[in-house]
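One protein chain, two forms: both are listed below as structure tokens, the first as structure 1 and the second as structure 2.
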Structure 1
Amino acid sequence: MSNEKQNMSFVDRIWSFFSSITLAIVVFTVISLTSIVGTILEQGAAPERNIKLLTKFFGESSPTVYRILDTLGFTNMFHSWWFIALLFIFAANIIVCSLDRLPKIWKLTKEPIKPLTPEQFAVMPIKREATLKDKPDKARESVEAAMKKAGFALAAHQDENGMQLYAEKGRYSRLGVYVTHLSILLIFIGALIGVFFGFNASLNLLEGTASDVAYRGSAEKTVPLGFTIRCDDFNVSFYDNTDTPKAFNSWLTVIENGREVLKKQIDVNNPLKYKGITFYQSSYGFSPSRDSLFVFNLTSPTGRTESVSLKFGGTFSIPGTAVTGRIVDFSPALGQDPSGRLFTYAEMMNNPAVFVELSEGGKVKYNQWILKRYPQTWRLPDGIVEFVDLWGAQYTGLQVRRDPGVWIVYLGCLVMAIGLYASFFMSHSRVWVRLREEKGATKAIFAASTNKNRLSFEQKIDRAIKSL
């Protein structure tokens, strides 16, 4: 063996290295383990976000751990040279292994089943015998019918030892592993196309604002979209009496060449897609400005309703009355402590409330906090004042992705499903039946083989014999 290695040419050594199963196991293990790290870390995110995440695992050492991982390329792992090199090595390993073994398997696959010699009959792994009362010609019909129900269409061969029937099925299932290899290569190709020709970016859009670029990585490198995306509105709803978000939605408009070409309401599982770019709802935030508008629905005592939008400090009139309201305070998350003192407990719009001063004839009549999530606070002595929204104060966080290789990845997944099904649920099974007349009856000798799931195959043969 040592001499064989010494006599190998350089090309043979390279071929031997890449056709090694050990290499496949080592590279696949490294890819899997590093992918776990790359999945846990948020790729291309600001350092603060990953340091906060690492604090859960490493405590005060998290900044040091982050610097090490960042130096090794784990914060942008799927674009790092070493990860792409691992993919190429694994792909080369799969290709060389397949080329090294496929010709032999293909030859076996193409070789048709033939009648067995008596010596071959004797050494087959599965053997059964049965005695049929009919003559061989009549018994052949029974055997063919029974084996047809088992999935075998028997061919016949007559020689000096009697009649032999034989058939096989699942011949091409031996290629299942190579179909799986092909699927892995397709997935790699799709992933690399996504890495080199796609992008994964983010974009925070305040209600009423638009952008024609997204931002990639902590350095906020801009990525041109080729069109403009605008956030018309954003809303988050909560479970009753909690601050747990139930759903958040964005109303987006695509503008191209100065014309609105697409409008869509998106949520977490319902993205917007346009020209190969997908906008996923990923987060939200609160950033009020002087231009933010308080939106009210006003209902008079007689049922007349109006809608108004006001800036902070603005006034409104309740329809059909001489009562006017003025916005004098606002809290994005109004809470109350045990002593009854009101306070703001969060910087997000978890429980938005507006404090309104109501006047009549120039004199303050009364004032009241009106909460967006609690309709009982809307009803006033002079009508209903519903606090609908503070528009222009929330932004929608969008994940922006373009992946031109995704359809090749989907194709690879489909091919992999076919390959795995052929590899694990199909088998190459062969059966031979020799019919010989003995004492006016027919003796049927069964021989069979299969490359997997032998127990199930034997049970199928036994059921066929039992039905004779």
Structure 2
Amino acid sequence: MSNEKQNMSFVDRIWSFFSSITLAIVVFTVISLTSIVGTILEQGAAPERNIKLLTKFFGESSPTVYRILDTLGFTNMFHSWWFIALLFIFAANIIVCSLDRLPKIWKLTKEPIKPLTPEQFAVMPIKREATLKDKPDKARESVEAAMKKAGFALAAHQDENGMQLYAEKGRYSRLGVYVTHLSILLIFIGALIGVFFGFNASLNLLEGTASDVAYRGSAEKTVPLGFTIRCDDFNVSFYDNTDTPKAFNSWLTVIENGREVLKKQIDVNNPLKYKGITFYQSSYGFSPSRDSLFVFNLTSPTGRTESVSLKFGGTFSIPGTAVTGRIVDFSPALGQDPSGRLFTYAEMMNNPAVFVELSEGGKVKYNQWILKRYPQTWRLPDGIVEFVDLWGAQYTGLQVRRDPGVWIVYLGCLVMAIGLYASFFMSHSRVWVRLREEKGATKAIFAASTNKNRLSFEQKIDRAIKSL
């Protein structure tokens, strides 16, 4: 063995290294184990977050442990050179393993079933016998009918040993495992094309504004779109009496060379596609802008109503009273728990709230939070301040992506489904039947083999024989 190894050329050695199933098992294990670390450490997060996490396990020495893990690339490990190298070794392993075994299997699938010699017949793994009362010609018909029901179309062969019928099924299912391997490579290729020729960016568009670039990463790296995208409107709706968003939609317009070429209302799970770039509705939020307008309906104790629009810090007066209010604070999402206490539950503008300070004669009388979606908070001792809307402060969060490889990834997924189906739910099964006349009756000897699910295949054969 060692002698053999020494005689191997360099290329052969590389080949045998990559074709070994041991390598596959090592790669499976290493990718899995390192990935576990990658799911525990928050990827791409600020150092403090992971140091805090590590303190639970390592106490005082956690900053050192963090520095070691950071140097090894574990804080952004799925994009680290060594993890990507592992994936490439995995791909090389799949290619070489498949090429190593494919010729033999290919020969097997190219070779159609042949009648068996008596010696071969004797050593088949599945054997059955049945005696039919009819003459061989009649018997042949009933055997053919029974096997046809089981999915085998029998061919016949006559030689000096008598009549032999045979058929096979699912010959090409033996290739299923290689089809599955191929699909993994297709997915890899698709992913690589996406990495090299595509981009993943985001864009927050205030209602009414437009942009011809998107932004990548936390840095201000811009990606030109080649056209302009404008957000005409954004809307979020909530389930009755809850703060759970039901739907959020943006109305987008694509502008090219000064002309509006496409208008579409998008929502989550329903993106806009234009010239290979896709805009996904991914979030929404509040942008504190000086120009945002708070719209109120003010109702006096006598029922007189008037409408006002104010900027942050602006004042209003409740009609028919000497009370004036001033907006002194703001929260994008203030909620009330069952006991009436206030809490902020989201960064997004789920339930905008303003804190108003009410004064009379220059003296502060009281102050109160007014929540847009909680009408009970609108009642003041001096009237009703209905919080109608907040204009120009909402933005739509879009995920912007170009990925020319995604279709190859999808193709890979389809091929994988086919490959897995062939590998697990199909089998290559063969049957041979010899018919011999014996005292006016016919003796049928069955031989069969299958590469998978032998038990259920045997049951099928038994059922077919029983039906004779």
Partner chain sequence: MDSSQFFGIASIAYILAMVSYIAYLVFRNGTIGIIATTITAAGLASQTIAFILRGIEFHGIGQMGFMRAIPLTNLYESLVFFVWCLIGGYLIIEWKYKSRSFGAFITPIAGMALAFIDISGMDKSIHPLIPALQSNWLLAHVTMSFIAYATFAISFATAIMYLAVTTDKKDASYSFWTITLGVFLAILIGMGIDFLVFRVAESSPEAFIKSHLFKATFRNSSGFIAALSYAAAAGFIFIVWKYGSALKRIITSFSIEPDLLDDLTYKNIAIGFPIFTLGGLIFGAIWADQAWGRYWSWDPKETWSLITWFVYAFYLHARFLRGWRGANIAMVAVVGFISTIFTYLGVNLLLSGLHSYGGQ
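Only the largest set of C-alpha atoms that superpose within 1.5 Å between the two forms is called the rigid core. These numbers come from a predicted model, not from an experiment. Residues are numbered by position in structure 1's sequence, first residue being 1.
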Form predicted alone - structure 1 or 2: 1
Could you check whether the CA atom of Gly405 moves 2 Å or more between structure 1 and structure 2, using the rigid core for the fit? no
Is it true that Thr228 shifts between structure 1 and structure 2 by 2 Å or more at the Cα, once the core is aligned? no
Phe58: CA shift of at least 2 Å between structure 1 and structure 2 after core fit? yes
Displacement in Å of the C-alpha of Ile318 between structure 1 and structure 2, rigid core kept as reference: 16.7
Where the core is superposed, what shift in Å does the CA of Val37 undergo between structure 1 and structure 2? 7.1
